[in-house]
Ligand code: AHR
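One chain is shown next in structure tokens, namely the form predicted on its own.
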Amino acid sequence: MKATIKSHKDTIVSQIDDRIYGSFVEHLGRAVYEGIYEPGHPTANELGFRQDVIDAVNELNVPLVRYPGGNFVSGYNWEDGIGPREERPKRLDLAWKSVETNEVGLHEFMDWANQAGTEVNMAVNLGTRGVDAARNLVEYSNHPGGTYWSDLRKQNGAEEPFNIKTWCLGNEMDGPWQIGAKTAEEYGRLATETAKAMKWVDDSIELVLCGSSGSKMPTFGEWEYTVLDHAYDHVDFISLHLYWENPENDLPNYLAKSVEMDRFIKDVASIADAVKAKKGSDKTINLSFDEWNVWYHSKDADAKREPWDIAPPLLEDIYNFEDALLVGCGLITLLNNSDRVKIACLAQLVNVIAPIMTVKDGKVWKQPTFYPFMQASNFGRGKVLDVRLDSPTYDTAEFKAVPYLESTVVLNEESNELVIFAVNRSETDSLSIDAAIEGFDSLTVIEATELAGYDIKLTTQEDNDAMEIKVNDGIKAKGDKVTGEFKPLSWNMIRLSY
């Protein structure tokens, strides 16, 4: 099969916001305890954080981490996680039927984020709490001093403000599973008043409004319109959440599910723009895709687990090669929509539906999904170019005319690089690629790599050598043309200098 890629250096979709490569750490399962934090581990530093986990996070080059939830935040009292550890209460976490020790709280997580080289996207509890707790948390975190909450932060060991700039106004508030779930009218009013108070404390922060928990929610669309109608003038983003499953074991349909992500993005952007038009506003609300990933492998095991353990192994999906290909398609979709998607958080980062896994008292191992995320995050910085693809297509049970080739092109002017990311969805055929990136006189291949040739069900469970990114020697560049082949079922990256 043959496919073509056409673009021009001046046809720019958008400047990529680095936060599109964000991730997520929730107080859920072993994400925090035995994940990022394990005192006594051979690599643990003086604060109890696993250095091997920090090293793996650094490999992913994650610029933003959402915290502390997720469903957990809707029942969380942030004050439980400050002050002397020995005085912190243990609480029942109703979201995940676990016991939260509060050994890791706000200060500890900010210390971890600093060591991991990432910013924090802080979520506030709009389930059981509201305006007062949220504004106090902003004051505690960001106010320089001279007030009750800011001085308490200093007393607790942080002289300088945390300066958290990105905040989520609750989590999945439309979901009946959510503690304190609300109607769109209820949430829209609460989010508006909370946003006002938070920005009165610190007008430099950016706020993410809860969109629907998914595009299949019965209130999808109506929810977005209603909550934006209330809160439009006071927020900066609206959230999207999407998880993929393949219980039918239908690979062609599974790999086409990034099409669903693209539709979701465009639908929510359209609704936001409709509210903008109604209000006659000059402000554009952008999108925060702050939960996205594959999640279904662990659900049967989780349903059998007894409640009220501390850090039980929950949502520990063991990913395989086909999952890595779909995550690659998702990354490409986010980049191609980066004119509106400014924040995205792969859910989650460690142990819980995560690219990084840990063994208690043992080693870190990397899931197949680690590799496309690592390459996109490290080399997909700069500007996304408008790309015209001509690819053979196929139909599935859910989707029609799905292109075998999924691709994007990123221009990094700081390093004089042009980067092509691509997935070949075909199970049987290589794609012969003819790419023309006009406006460049002489392109030179820096490296061309592929994740290909593996059984679709192959995992890397506790074996980092089971899967690796390999060199694709067949990629050639001449003038503004790039040619070569993408193997069947492959994730591909081509880095070019100009």
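Each residue number is its position in the shown sequence, starting from 1. As the structure is a computational prediction, the values presented were derived from the model and not from experiment.
As for the form predicted together with ligand AHR, it is not shown, yet the points below apply to it.
With ligand AHR left out of view, the stretch that reaches within 4.5 Å of it through heavy atoms in the predicted complex is, among 376-384, 291-299, 184-192, 410-418, 291-299.
Residue contact with ligand AHR in the predicted complex: residue 239 places no heavy atom within 4.5 Å of it. Within this chain, residue 108 is remote from the site of ligand AHR in the predicted complex, having no heavy atom within 4.5 Å. Using a 4.5 Å cutoff between non-hydrogen atoms, residue 148 does not count as a contact of ligand AHR in the predicted complex. Contact check for residue 320: no non-hydrogen atom falls within 4.5 Å of ligand AHR in the predicted complex. With the partner omitted here, the residue from 365, 371, 140, 96 that has a non-hydrogen atom within 4.5 angstroms of ligand AHR in the predicted complex is 96.
Screening 220, 243, 225, 394 for any heavy atom within 4.5 Å of ligand AHR in the predicted complex leaves a single hit, 243. Of all the residues from 327-356, those having a non-hydrogen atom no more than 4.5 Å from ligand AHR in the predicted complex are 347, 348, 353.
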